[in-house]
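Okay, here we've got a single chain as structure tokens, the form predicted alone, with questions on binding and movement later.
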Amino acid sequence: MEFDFTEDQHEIKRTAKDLLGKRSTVERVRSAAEAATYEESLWTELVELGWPGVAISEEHGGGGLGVLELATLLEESGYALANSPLLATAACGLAIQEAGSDEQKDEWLPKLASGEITGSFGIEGQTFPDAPDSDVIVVISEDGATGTVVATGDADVVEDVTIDPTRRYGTVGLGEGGDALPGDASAALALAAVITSAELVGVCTRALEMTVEYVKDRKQFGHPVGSFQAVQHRAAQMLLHTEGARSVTYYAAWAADADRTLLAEASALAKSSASKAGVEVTASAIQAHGGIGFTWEANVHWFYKRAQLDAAYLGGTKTHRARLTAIAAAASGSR
């Protein structure tokens, strides 16, 4: 079977890459991270292009496209390490669309789709991306069975200090506010895992490209370090992790749009693979950069830090492999 994007999907991805290549350079990522803020003009531009609502239905003011199109945007956002609340806002919108009541959808989705407000999403007791500055948060219970939507002003949000200064994080307590989501919370969680995997694929791709560029230029004993077999093996392993994660991530995004019976398994496969890739590829990038890779001046550490937080977000490799095992066991028991 041959899998490829449609021409429209290719165009969405190309446009995103071109835009973020100009508007989210590494220098701007560094500047925003060191200032512990986001570049408001970038978010305004993404909102004008409709990115936050690309997968929200037209009925609620969104673009009416699918998770696959959203995944392409998140991959490019990860590649550029864009300093914006796109991932958290998109995950929040998907969750309300998937599991919310009609009243909850009418209240929150048009505002999220238009960028009038931003959102956050996460599992109870864990770290939520962009929660401190959000307007609405979806909290999934630890067992993934139930979900609650709460206005940020009614929740107990405490900003977390993490190793990743390119994004703000927080811990969320429901307080006395919040409305239960009546729909399938586990599906909402699976969708968020898919788009997080897409961001990780972008992070890995960029870390690999930066590494290849460096080892082709950096010389030892009169030869580029990239000509040494040990370095080549490491780069090949980085490519293997990245492309493996990309394949299963887009398979999961396709399942989200085309065959929901496959979503739970595909989502767990994608997040387990992408979390593993994020940790391994960015750590290898640091190693391949040698001594300079451990310095503040080397840009590769921004990608390493984002990958660590993304890899743990919504459960890491072990969590999702355990989920795959449970799915396989359930399928075996039903035969």
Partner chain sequence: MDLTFSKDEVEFRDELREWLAENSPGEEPRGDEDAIFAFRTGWQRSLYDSGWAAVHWPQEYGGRDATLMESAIFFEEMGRAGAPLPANVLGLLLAGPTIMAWGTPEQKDRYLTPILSAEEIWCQGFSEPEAGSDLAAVKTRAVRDGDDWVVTGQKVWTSGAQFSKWCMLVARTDPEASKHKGLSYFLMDMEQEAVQVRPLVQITGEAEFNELFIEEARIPHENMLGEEGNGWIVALTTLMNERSGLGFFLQVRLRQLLDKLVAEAVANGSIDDPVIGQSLGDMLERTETLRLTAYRGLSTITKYGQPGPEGSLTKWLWSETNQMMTQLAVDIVGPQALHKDNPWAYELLRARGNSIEGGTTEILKNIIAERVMGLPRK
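Positions refer to the first chain, counted from 1. What you are looking at is a predicted structure, and each value in this text was computed from that prediction instead of being measured.
FYI, the form predicted in complex with the partner chain isn't displayed, but the following is about it.
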Contact flag, residue 161 vs the partner chain in the predicted bound form, heavy atom cut 4.5 Å
no
If you check in the predicted bound form, is residue 184 within 4.5 Å of the partner chain, heavy atoms only?
no
Contact test in the predicted bound form: residue 208 vs the partner chain, heavy atoms, 4.5 Å
yes
Evaluate residue 105 for contact with the partner chain in the predicted bound form, applying a 4.5 angstroms cut-off between non-hydrogen atoms, and reply yes or no.
no
Stretch in contact, per heavy atom within 4.5 angstroms of the partner chain in the predicted bound form, of 107-115, 187-195, 77-85, 237-245:
237-245
Answer key, the partner chain contact in the predicted bound form at 4.5 Å (heavy atoms) among 165, 132, 226, 178: the residue is 226
Looking at the partner chain in the predicted bound form, is some heavy atom of each of 26, 141 and 313 within 4.5 Å of it?
no
Note that the partner chain is not shown here; using its position in the predicted bound form, name the residues of 259-292 with a heavy atom within 4.5 Å of it, in sequence order.
269, 272, 273, 276
